[in-house]
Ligand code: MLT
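Here we start with a single chain on its own, the form predicted on its own, put down as structure tokens.
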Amino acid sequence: MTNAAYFKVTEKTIADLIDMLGQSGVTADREKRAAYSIDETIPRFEREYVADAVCFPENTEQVSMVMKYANEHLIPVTPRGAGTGLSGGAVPSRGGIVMSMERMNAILEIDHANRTLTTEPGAVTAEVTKAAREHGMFYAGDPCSGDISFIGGNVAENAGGNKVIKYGATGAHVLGLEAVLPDGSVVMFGGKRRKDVTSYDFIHLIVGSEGTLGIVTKIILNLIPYPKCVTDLLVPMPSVEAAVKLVPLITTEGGVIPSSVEFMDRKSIRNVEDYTSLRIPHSDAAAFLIIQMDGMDRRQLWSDAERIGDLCVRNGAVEVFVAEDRNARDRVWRIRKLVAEEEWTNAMPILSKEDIVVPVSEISKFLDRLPEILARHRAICNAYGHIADGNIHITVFPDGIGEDENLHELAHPMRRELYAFVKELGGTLSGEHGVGLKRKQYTDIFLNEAQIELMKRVKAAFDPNNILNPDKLVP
């Protein structure tokens, strides 16, 4: 993989791009370039990264033309979805071209016979879900950002979200992908079939590759029958340990695979109350669980909910609130969504947002030791997330840090110690937010030399000139 210097975008480059995409398909305006050069990573990076041009292709042919041109002229290209990422995956670290996929937003087909939905990458995830539901089907990929994220971005990050325990992350639902490679070649991996061992599994190599191997231009998704019934339980627990111990019992003793089990610690709940006029019952409880179950038979679902509710009580639940109708369920999930919303609007600076994963059995150990680690770095946190698959989101706030101190310099040693502990517990760096620009320098904690070398070889095979989303994922 070459480390040769990239060529600069010039006026001639802009003119050539306009020839390919039309006047409205390219912008070199400084303000617009800056807006398309950031994602939701907080705090922002130590230096500003700004693309030299932003392209808005409308079809696969245009994507192919731009990539072929960029490859021949050694211009870096950063693909971008909705910009909702939390790792700097869509930040143009080497300038060059940002390729926004927002105009490729059509849902192309819903195939009832094969139970598939085919879409372009710029479709908003919630619109994909809505389109499937209007045809009586269910797209089970459910990132928490679904109302604003693009399905292409979900594929690039292998987005997880609330329903992974039952339905799997985004990659579990991808049957086929059309992608443009860095040299402009257009390839189709997979299709509407559900079995294929004819070659390597390129689909699931592309999924989660953070746009470093190819630009996805078409996605074929698996659909399932829409669950007719849904019930949510809101369960305050007396301790984090009790909450963690309860989670595997839902399946092993309760005999149910829930569609979601979400966790919120006391600080998260208190922050929501401070942020809103909402008053949450038993907000002094150490932890809260949201347990969602779905199915096709209302009587069976109610029986399951009653059994799981009894199980919660036997294992120390302060109370079990049952939300069966849509309005009640929306109120329960509003609490969970407000946790993240409060963080974005809180005036308190954020030192770091983390996305670690540990085995479920190790969550209590991790959360017990977390305050001790953070205290050494003058920090505190709140914790919440997808407890049933071990994916905990931690928002770290500075505690007693002066206004003149550099948050980035303070975050680095904190992350090193935190990640080393995560590794010790058998965990990993990121569950769904991705490595991106933010975490790449820490991958050596989790990957050995052989793994890193293999990643470099894969990247070089797809992208020998290293023009596609450089500085992301691959150490």
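From 1 onward, residues are counted along the sequence shown. What you are looking at is a predicted structure, and each value in this text was computed from that prediction instead of being measured.
In what follows, reference is made to the form predicted in complex with the ligand, a form of this protein that is not presented.
In plain terms, the part of the chain that comes close to the ligand in the predicted bound form, with a heavy atom within 4.5 Å, is 383-391 out of 71-79, 383-391, 113-121, 296-304. Put simply, residue 104 is far from the ligand in the predicted bound form: not one heavy atom of it is within 4.5 Å.
In the predicted bound form, residue 340 approaches the ligand with a heavy atom inside 4.5 Å. At least one heavy atom of residue 433 is located within 4.5 Å of the ligand in the predicted bound form.
Under a 4.5 angstroms non-hydrogen atom cutoff, the ligand in the predicted bound form has residue 353 among its neighbouring residues. This chain lacks the partner; the member of 336, 377, 163, 218 within 4.5 angstroms of the ligand in the predicted bound form by a non-hydrogen atom is 336. Note on contacts: among 240, 317, 203, 144, the single residue with a heavy atom within 4.5 Å of the ligand in the predicted bound form is 144. Interface residues of 66-91, taken as those with a heavy atom within 4.5 Å of the ligand in the predicted bound form (partner not displayed), are limited to 86.
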